[in-house]
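First, one chain by itself in structure tokens, the form predicted alone.
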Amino acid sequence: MSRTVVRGGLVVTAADEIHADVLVEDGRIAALAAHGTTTAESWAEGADRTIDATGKYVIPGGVDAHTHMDFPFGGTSSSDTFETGTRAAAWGGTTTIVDFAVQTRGRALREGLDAWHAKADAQCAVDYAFHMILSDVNEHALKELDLLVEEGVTSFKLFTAYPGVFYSDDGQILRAMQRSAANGGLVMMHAENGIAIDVLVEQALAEGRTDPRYHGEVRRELLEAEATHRTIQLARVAGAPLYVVHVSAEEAVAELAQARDKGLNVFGETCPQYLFLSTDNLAEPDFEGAKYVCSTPLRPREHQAALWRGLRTNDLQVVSTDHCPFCFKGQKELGRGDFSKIPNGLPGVEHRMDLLHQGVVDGHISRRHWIEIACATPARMFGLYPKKGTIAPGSDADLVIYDPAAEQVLSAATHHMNVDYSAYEGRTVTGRVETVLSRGETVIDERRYTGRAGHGQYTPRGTCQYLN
């Protein structure tokens, strides 16, 4: 039996902050004990390894419930593989990702899921699970949903955006929601009115408005709010829960808040880019704005306050990254002269925990709420808690030793994501990951990578733990 003791730190979970030592045995949390007690001292004497966390936080490993590794989109593929992307996740204190397997139109869900298993198998530095993207809602696919839920793939993403690629009409969405209401699955929705957006894109290009900033202008806030409202009503008709991904606009938050005020099982996710970046970035000259093209798009700066407020009021419950990086050279450049051809996506899996800690430093959220939105709630939302997302006896020993006082400057020169730019280039943040354990195995040791491809395990999930 291997034994590790983490001594002297402030253990921060979504529920508590306690000065305690943590005993790890064979990859799991065995016990916690107050500093200096006879119990804690006896652990240290018999430990194979002792980690000194004095002056640091000891927090659960982050759970990033929205990533796209090796994801084909816009005529190319995201630049992080499962190997490079999960290594970067570890550097940033994230020890579990939930990625999206994709159904190809005309093909079975199983075929898409198997393809993503093949991409990830023996490649990941940290643990991983899958959602399933439904590109072709038909009777066969709906029947497959039941089998996937039984096997631990319990959430399914649909799109009101991207006609001809991922788009589902209202009838298809309703059928998928009805099926999830019956089998316990959770529908995740990319909520933008893609039919209307395509009209606005066509008009903008015809008028010579081709620069990256027009990506944000045509994907209007009201079209995000409209699709959010519409899919909430479809979920009500189906009697199904709904999780709206990458919420970016104040008007969409208002739709979620109204639904939740009615007691509906409606949930919302936002991402660091919407909390820290804005249309000012999309408008950067010399095509630099292409670096910030993602969907839903960045919004004017005033929306940031509404998103932080939504997190505080629990109208938004989760912060994920929607990590989907494309290099500026050779990938983002595909859209020179036509913003609609810029691959949609930003890098972020390495910086989520640090940026949200900056939210603590800036007074937007508390320490415990930081852990709630980054670790505990995503684990509960997607059936991983308490295996993941907390520090408690029996939980996986996914632990991060975090220095809350260390300053760092975010930069492409120092990050570990496989992409040639940083969306946060030059930004100084307070707080830094020092050491990371994944199931008790050290993957980051005092700012040195000691992990390996293949350590990460596929983790089947239960159903959403928030349903009434």
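Since the structure is predicted, the reported quantities are computational estimates derived from the model, not experimental observations. Note that residue numbering begins at 1 and tracks the sequence as displayed.
One more form of this protein should be noted, the form predicted in complex with ligand DUC, which is absent from this view; the next part is about it.
- Stretch 288-296 is the answer when you ask which of 80-88, 261-269, 348-356, 288-296 has residues with heavy atoms within 4.5 Å of ligand DUC in the predicted complex.
- For a residue to qualify, one of its non-hydrogen atoms must sit within 4.5 Å of ligand DUC in the predicted complex; none of 130, 243 and 320 qualifies.
- Only one of 159, 385, 370, 339 comes within 4.5 Å of ligand DUC in the predicted complex through a heavy atom, and that residue is 159.
- Here is the short version: of 395, 183, 344, 304, the single residue with a heavy atom within 4.5 Å of ligand DUC in the predicted complex is 344.
- Within this chain, residue 324 lines the site of ligand DUC in the predicted complex, having a heavy atom no more than 4.5 Å away.
- In the predicted complex, ligand DUC sits within 4.5 Å of a heavy atom belonging to residue 68.
- For the chain shown alone, residue 190 is a contact residue for ligand DUC in the predicted complex, at least one non-hydrogen atom being within 4.5 angstroms.
- Using a 4.5 angstroms threshold between heavy atoms, residue 276 stays clear of ligand DUC in the predicted complex.
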